[in-house]
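Just one chain is shown here, as structure tokens, and it is the form predicted alone.
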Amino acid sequence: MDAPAAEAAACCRTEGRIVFDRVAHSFPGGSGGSVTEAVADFSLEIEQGSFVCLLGPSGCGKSTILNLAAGFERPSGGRVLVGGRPVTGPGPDRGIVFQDANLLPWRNVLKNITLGPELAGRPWEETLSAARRFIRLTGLEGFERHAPYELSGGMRQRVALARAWITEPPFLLMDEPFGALDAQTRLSMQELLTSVRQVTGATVLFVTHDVDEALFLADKTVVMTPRPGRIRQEILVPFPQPRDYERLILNPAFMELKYDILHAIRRPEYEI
């Protein structure tokens, strides 16, 4: 098979997936010219429609991996494919949600949600119809005219989710989106994410420090080593969806799996 045909075949095989192929990434160090190796030899395939959580100690490169998929960074080595295409920058096929909702304070809830389609030049009636749908799905009805400062942290994250979902991107990248919320609000947002994802069918890459969160949400958890981040272990989560959190945490299999993941996270780097 010649090179163009091989490349086309590879794209067909990876359509709908996120693929990290022997990815490495480094950052410039201090004034002495040193380099910080954030990620090394990272290879992972995220199947279409699946939900994968990255877990690992602080500084292991979880957010770096997500930023590479988002196109905010270019890998120092290897390649990243999203939907069968090499990532060269951000794109409308990827919705992104961070820990901070990053809402524009001068735009109300509705106008924050519709920002992306407006910038893309989509017809207003089409955009408004989509916004109303996701306002309903995220429980924001009645808050359309509220300013961000009038909302709680959980409500602001609902707006951020609706903003990411309004164009129904096939890929959703999430960097500890619920990390700053209290426990009750965090669980509510996790349940919301699960329910809306069942509607949209998006492929999700989710960064978290919370093992319980990963086991509640994910189809697969990926445990990373300390920096430079490599994959230490991939663990399929065996519990069927949708999950009931209160029942899940009482399941002995849940506790055993949580123990195994915590043990894997805490192992020294050299014990890969």
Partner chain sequence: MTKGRNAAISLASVAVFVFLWHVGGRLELFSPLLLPPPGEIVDSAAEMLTEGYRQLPLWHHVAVSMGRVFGAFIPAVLIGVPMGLAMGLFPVLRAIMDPFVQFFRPLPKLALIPLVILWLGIGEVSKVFLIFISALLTILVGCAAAAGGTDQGRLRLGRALGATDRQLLRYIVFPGALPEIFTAVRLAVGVGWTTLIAAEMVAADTGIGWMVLNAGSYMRTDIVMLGIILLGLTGYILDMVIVALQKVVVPWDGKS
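Quantities reported herein were computed from a predicted structural model and do not represent experimental measurements. Residue numbers count along the first chain shown, from 1.
Below: the form predicted together with its partner chain, not depicted.
With a 4.5 Å cutoff on heavy atoms, R94 counts as touching its partner chain in the predicted bound form.
Interface residue remark: E176 is not counted as part of the site for its partner chain in the predicted bound form, having no heavy atom within 4.5 Å. In the predicted bound form, its partner chain sits within 4.5 Å of a heavy atom of G116. Its partner chain is not shown here, and in the predicted bound form it never comes within 4.5 Å of any heavy atom of F143. Of the listed positions (S188, S76, N102, S195), a single one reaches within 4.5 angstroms of its partner chain by any non-hydrogen atom in the predicted bound form, namely N102. Exactly one of the stretches 116 to 124, 177 to 185, 76 to 84, 197 to 205 approaches its partner chain in the predicted bound form with heavy atoms within 4.5 Å, and it is 116 to 124. Residues F51, G59 and H209 are none of them found to lie within 4.5 Å of its partner chain in the predicted bound form, as judged by heavy atom distances. Taking a 4.5 Å heavy atom cutoff to its partner chain in the predicted bound form, the contacting residues in 65 to 88 are N67, F72, E73.
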